[in-house]
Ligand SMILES: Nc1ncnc2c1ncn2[C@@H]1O[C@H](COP(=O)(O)OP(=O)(O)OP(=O)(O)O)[C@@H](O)[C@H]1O
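As a starting point, one isolated chain is supplied in C-alpha cells, in the form predicted alone.
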C-alpha cells in the first residue's frame, strides 16, 4: 500500500501556568491508503493532540514546535491557513469525541451537513441538503428527510454519532480521523457504529486513524496499531502481531488488564502507579517508574523506536538493546 499520511518527528507543546507540557514528543507514524490504524493509550497519553496537530486545530496556547505531517507530498505543518482549510473537512475529516459539543445546537443536523458539503464541494444549499439526506440514509438513520430537519438535542447519542459520521464522510475524504467515536455509547450502539464505519470504509475507500483506549475495538477494526505513552509511541505493529506477541511492558500490561471469557480471576491485572505529571515527566523512559523490568539505561536515556523481530514490529524499550 502507498502511504497516505506520514508523521515525522512531531512535537506539540502547550504553555500553561507552571511550565510547558510536551503533549506530543517526537511521534512518527504512517497511515497507508485505505488502511485502518489504531492509536491507543491511557487518557493524557497524547492521542487526541496528535490528531488535532494533524488537523491544525490546537488551542491558542498550543503550537507545533518541530516535525512534519506529509499528506501525499504536501507538508500540512507549513501550509498557509487557506490551503489547510481546504484540506480540512474535504480531504481529511474528523469525528470528534463528543457529538453533543461538536454539533451546533441552534442549526438542524441537515443544515450542518449541507454547510460542510457546500463549503468544500462548491454546490448550492439545496444540493448540499440533498447530499445530507442521502448521507443520513447511508449511516442508517430512518426517515432521513425528517431527521435532517431536527436539532441535535432531539436525537439520541447514537443518532448524533451517526450524524457526525455522515458529516465527516459527506465530502468523501481520503482520511477519516475518529477520536473515541464510541466512548459515550452503550455496548449495543457501539457495535452498530463500528459495523457502520467498516461498511462505509469499504464504500468510500477512506483510510481511518482510530483513536481509542479500548483494545477490543482495535482488535475488531484495525490493520495495525500504535501504542502511546506520555507523548511518545512505545510500540507499533500489525494488530495480529501486537496481540499475539506484545513487546513493551506497557503494552503487555494493557493486554493483561483485559478480562477474558471462561478464565476465572480473583483480581484483574493492573498497571501500578499512574501516568506521569505532564509538567514533570521523568528523565529517560517515561514508563520506568511503573515498569516491572526497569532495564539499564532507562533511568537516563529515552529508548528509540526500533525494529524487534520483524521490520513491521517496532518497540521503544532498552531491554531489547
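Positions refer to the first chain, counted from 1. Since the model is a prediction, treat every value here as computed from it, not as a measurement.
There is another form of this protein, the form predicted in complex with this ligand, and it is not shown here; the text below is about that form.
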item	value
Contact flag, residue 180 vs this ligand in the model of the complex, heavy atom cut 4.5 Å	yes
Any non-hydrogen atom of residue 253 within 4.5 angstroms of this ligand in the model of the complex	no
Heavy atom of residue 16 within 4.5 Å of this ligand in the model of the complex	yes
4.5 Å heavy atom contact, residue 46 to this ligand in the model of the complex	yes
Answer range among 64-72, 25-33, 46-54, 289-297 for contact with this ligand, defined in the model of the complex as heavy atoms within 4.5 Å	46-54
This ligand: the contacting residue among 97, 171, 112, 190 in the model of the complex [heavy atom, 4.5 Å]	97
Heavy atom of each of 21, 42 and 278 within 4.5 Å of this ligand in the model of the complex	yes
Stretch 125-157: residues contacting this ligand in the model of the complex, 4.5 Å heavy atom cut-off	none
